[in-house]
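So this first bit is one chain, no partners, the form predicted on its own, shown in structure tokens.
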């Protein structure tokens, strides 16, 4: 199998890497973390066509494959970007693309003029497995009542895609963010989230959930795992550079065999994670999608923990400081395991799916 990038993909990767390298430094990243994202960088991503590469031609884009998603998010991870591309361009938009887009929002998302958030998880639920928000139809109108927890990007979004119970069926709805109660807070590693209260909020019916949420979360999980891969690659580079420059007993600490062995273990595990991400990208639309999702998320979660622990230990005290670049990358990589199911959850899910 040929894993070389096509000429178009190579051009996109090179352009995106240059743009992010020019856009993100310590100061710009700190400002983006404080604000939740950078409007200038977001506009630049849209102008570069990065958002459009997440959508198929039928949806108004020019990509949309698993490999397009993986390529883009690995570069975002490599730069430590905090822009809400996953929640707007993959998760919520994926639901709109699969069901209905009554307001024509996909074109505005691709243009960078609209942001979205997916309100699915609820207090007391685990990884979106519990939906108690109720949708009530009054004539031709729908109204939502309930609470949603840890809605990532809700403070910045213009619209919310909301899961709600319509009788015994779970369906999906589109609501304006401004009509809901929003209690915002920052997310560790960058970005914003909120607790959302829906009190008779008017909404537009999109369609039954069916397998739509699972498909959207599968694509989002691939994006998250690819971002984790980029974060790992940058952490690896930072750690190797540090081992070459930090001296102890008159020698670079990278010359000590025990640290070389530990670094070799990290490199091997990162390559294992890369293979898993490539495998998921190739099976994203296959019949065994969910099993590949769980296998990849479990492996990436385990490798992410190893990379964070080893890199901080090999850096020593400086690895824990806010001022040093590793701190941001380590926190963001740690948070990967807390979205869409942690490593243990996906191990159990993989075993159940394999036994079925």
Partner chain sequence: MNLDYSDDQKAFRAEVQAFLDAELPERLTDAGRKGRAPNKAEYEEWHAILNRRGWLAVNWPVAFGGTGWDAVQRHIFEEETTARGAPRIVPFGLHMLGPVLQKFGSEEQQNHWLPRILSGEDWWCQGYSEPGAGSDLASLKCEAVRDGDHFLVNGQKTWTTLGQHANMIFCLVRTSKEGKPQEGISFLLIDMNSPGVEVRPIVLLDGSAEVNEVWFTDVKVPASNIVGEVNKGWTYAKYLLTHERTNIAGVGFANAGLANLKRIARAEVDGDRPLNDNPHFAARVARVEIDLMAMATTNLRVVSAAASGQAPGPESSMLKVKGTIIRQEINALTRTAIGPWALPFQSETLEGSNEGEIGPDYAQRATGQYLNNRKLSIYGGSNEVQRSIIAKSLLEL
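Positions refer to the first chain, counted from 1. This structure is a prediction, so every number in the text was calculated from the model and none was measured.
Form predicted together with its partner chain: not shown, discussed below.
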Should residue 302 be counted as a contact of its partner chain in the predicted complex, where contact means heavy atoms within 4.5 Å?
-> yes
For residue 149, is any heavy atom within 4.5 Å of its partner chain in the predicted complex, or not?
-> yes
Counting only non-hydrogen atoms and a 4.5 angstroms cut-off, does residue 351 reach its partner chain in the predicted complex?
-> yes
Looking in the predicted complex, any heavy atom of residue 40 within 4.5 Å of its partner chain?
-> no
Find the only residue in 176, 107, 195, 211 having a heavy atom within 4.5 Å of its partner chain in the predicted complex.
-> 195
Let me know the one among 308, 50, 32, 293 whose heavy atoms come within 4.5 Å of its partner chain in the predicted complex, would you?
-> 308
Could you tell me which stretch in 97-105, 243-251, 68-76, 196-204 has residues with non-hydrogen atoms within 4.5 Å of its partner chain in the predicted complex?
-> 243-251
Would you give me the residues of 164-189 that have any heavy atom within 4.5 Å of its partner chain in the predicted complex, in order from first to last?
-> 183, 185, 186, 187, 188
